[in-house]
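There is one chain below, alone, in structure tokens, taken in the form predicted alone.
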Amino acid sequence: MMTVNYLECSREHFIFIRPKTVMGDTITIKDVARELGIHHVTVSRALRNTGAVKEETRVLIKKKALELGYKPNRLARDFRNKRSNVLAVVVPDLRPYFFSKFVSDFMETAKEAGYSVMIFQSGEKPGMEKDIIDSLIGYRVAGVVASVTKDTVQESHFDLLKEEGIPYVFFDRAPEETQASQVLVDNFKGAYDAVTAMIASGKKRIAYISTHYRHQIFRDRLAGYKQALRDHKIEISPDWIIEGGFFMKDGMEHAKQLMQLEHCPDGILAVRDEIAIGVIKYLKTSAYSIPEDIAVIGFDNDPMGIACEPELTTVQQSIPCMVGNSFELLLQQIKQSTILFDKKIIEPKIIYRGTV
């Protein structure tokens, strides 16, 4: 139970007869997979009698392996079964401050504990994420911490790690259907508190600039924004909710769109700091006074926020806390040689500066 405290020739033209061993070239699992036109992971599962493989497929694979003269390499098997001192971090994008800072801090934490770290970027593409997880089996890493893509709903490809006994922990973003260990931020509360802070400063027409991404964390922030307005008896105007891009230029464009409304907002909450900085840039070039005319709050506590004038008020997600909890959960699983199911929620904090 989870507890809460993320130049190939055509076979039509050539008959290729390959000896079982030539100059030490032994038949491998990938050779069997290539002959059958299936993934080598499926072959591995079938030959080890593990994982979800149809019985007819399993029989076909074993027959082909016998035909080709495949023999398990005991030395390689023994090597795979040993734990390495390498951990892997998988993130959707290294450009945002949040992910780059997490990776940097995690590497330092792991180094102090005697581990090396491999970094992988999925580019927000589920297919690439699956390829990365597949490759981690071959690298035989000791453990994995991952933040999934915006479109990853299920964790089925992570089951490969589970089958190989490789522990993993999700941070910040987890598949919506998972029982794996997770370290998440209370995004609902972060947005709720940010809107409440602007209302306390006298703002009544508060807009929200989000992203077209549909992951749970963004839905939670939108829900927190809306609930704060409801609780303070403030009307929610569809015109004040914009979904778009993820970067500074997007913030500038969306701020322009909002300020051209007949009833323009006097407060803007942005889903991340880089968008909020774009908002500030547009407002200043358009002669708006911040925060007198309009207040602005972002998410992530990006250092770029203190380079603004005025400095950006932001919702801080404690990266040190997230790193510490993620590493602790992963290390516990590594030491106990077991897969744990735990969930830790980190409470966000508003860092007040000059835009509210």
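Start at 1 with the first residue shown and count on from there. All values reported here derive from a predicted model rather than from experimental measurement.
One more form of this protein, predicted together with another copy of the chain, exists but is not displayed; see below.
Inset, instruction - Given that the partner is absent here, state which listed stretch (143-151, 169-177, 230-238, 281-289) has heavy atoms within 4.5 Å of another copy of the chain in the predicted bound form. - result: Checking each option against the 4.5 Å cut-off leaves 281-289.
Inset, instruction - Check each of C308, I38, I27, V53 and return the one that places a heavy atom within 4.5 angstroms of another copy of the chain in the predicted bound form. - result: Selected residue: C308.
Legend entry - in the predicted bound form, the residue from C264, L160, I199, M248 that sits within 4.5 Å of another copy of the chain by heavy atoms: Selected residue: M248.
Legend entry - is_contact(M259, another copy of the chain) in the predicted bound form, heavy atom dist at most 4.5 Å: Because no heavy atom of M259 falls inside 4.5 Å of another copy of the chain in the predicted bound form, the answer is no.
Inset, instruction - Examine M118 and determine whether its closest non-hydrogen atom to another copy of the chain in the predicted bound form is within 4.5 angstroms. - result: Yes, M118 lies within 4.5 Å of another copy of the chain in the predicted bound form.
Legend entry - Close approach of S135 to another copy of the chain in the predicted bound form, 4.5 Å, heavy atom: Yes, S135 sits close enough to another copy of the chain in the predicted bound form that at least one of its heavy atoms falls within 4.5 Å.
Inset, instruction - Although another copy of the chain is absent from this view, report whether M107 comes within 4.5 Å of it in the predicted bound form, heavy atoms only. - result: So M107 counts as contacting another copy of the chain.
Inset, instruction - Would you check whether another copy of the chain, in the predicted bound form, lies within 4.5 angstroms of a non-hydrogen atom from each of D93, S100 and V103? - result: Yes, each of D93, S100 and V103 comes within 4.5 Å of another copy of the chain in the predicted bound form.
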